[in-house]
Ligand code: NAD
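In C-alpha cells, one chain follows: the form predicted alone.
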Amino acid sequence: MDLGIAGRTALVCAASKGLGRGCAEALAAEGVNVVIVARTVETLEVTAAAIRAATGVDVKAVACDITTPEGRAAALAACPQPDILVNNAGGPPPGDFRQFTHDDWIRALESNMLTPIELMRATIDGMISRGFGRIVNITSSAVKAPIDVLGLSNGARSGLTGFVAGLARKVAPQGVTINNLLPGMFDTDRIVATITAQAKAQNISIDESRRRRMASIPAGRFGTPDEFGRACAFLCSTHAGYITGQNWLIDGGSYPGTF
C-alpha cells in the first residue's frame, strides 16, 4: 500500500533506538524525509546513517534534550515546518508515590506531557495552513490500564491524553489529525532492564524472567519496533485522515477489557 506521504517531512523524537527508531525507519521507508532527535550523539548518528543507507531519504540528526527549551529550539531549527510530528520520550522511573518529590513530578510532566504540548504548539499552525498534518504521541498502555508502580507515568501521560482529546477535534477540519499510540511490552532496552530487575528480585534467570513475561501476553511474544513503526506510519498516511483523537493500544492482547 502506498501511504501517500512520500516527500513529506517528519520530526521524530527519541528516535535513535527502540520505538522511536522504528517509527523513523517506517516513515523513511515511505519516502518521508526525517529529522531524528535523541540525546546521545554516537547512537543517533549511527541510526541516521543506517536509515539513509536503507531508504535514500534525507535524514538529519539533532542531538539534544527535547525536554528542555534549548533542545526544542535546536530540533525546530532543523525542522521548523514538519508535516508529521512523532512525540516520544522515555518513561519516568517506577516507585511508591509516597516517595515521589515535587521535582520528580515536574520532571515527569516536562518529559511526558508538557514537551509534546510545546512541540504541538510550535508546529500545528503550519500544518493547518498547509491543510495537512499528522501528530502521533507515543504514550503507554498504562494510560488504558494504569500500573500501580508507574504513578508518575500514569499521571503525566493521562494529562497529555486529556489535552489531545480536546485539541484533536478542534484541528480535524483543517486536515490535521492527532492520535496516541499506546505500547505494551515491546522488545526494547526498557523491557530488557525491567526483565533483568525482575529476575534479580525473584532470584531467577533472565531467560526465565523473559519467558514468564511473554507467557503473560496473549500473543505469546513481545512486540517489535518494526511493527510499531508501521502502525505509526499508517496513522501518518493519507489513508488515516478520518482517524483522530484516538488511543491505539498495541499490546498483543494484554488489556483484558472490551472497551
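All figures in this text were calculated on a predicted structure; none of them were measured in a lab. One-based numbering along the sequence shown.
From this point on, the text means the form predicted together with this ligand, which you will not see here.
- The contact with this ligand in the predicted bound form, taken as any heavy atom within 4.5 Å, belongs to 190 out of 60, 212, 190, 221.
- Contact with this ligand in the predicted bound form, defined as a heavy atom within 4.5 Å, holds for exactly one of 75, 176, 108, 138, namely 138.
- Proximity of residue 55 to this ligand in the predicted bound form: non-hydrogen atoms within 4.5 Å are absent; the residue sits far from the partner.
- Residue 244 falls outside the set of residues with a heavy atom inside 4.5 Å of this ligand in the predicted bound form.
- Put simply, residue 134 is far from this ligand in the predicted bound form: not one heavy atom of it is within 4.5 Å.
- Using a 4.5 angstroms threshold between heavy atoms, residue 249 stays clear of this ligand in the predicted bound form.
- The candidate site formed by 31, 127 and 237 is entirely out of contact with this ligand in the predicted bound form, as no residue has a non-hydrogen atom within 4.5 angstroms of it.
- Picking from 179 to 187, 119 to 127, 77 to 85, 166 to 174 the stretch near this ligand in the predicted bound form, with a 4.5 Å limit on heavy atoms, gives 179 to 187.
- Along 87 to 115, residues 88, 89, 90, 91, 112 each place a heavy atom within 4.5 Å of this ligand in the predicted bound form.
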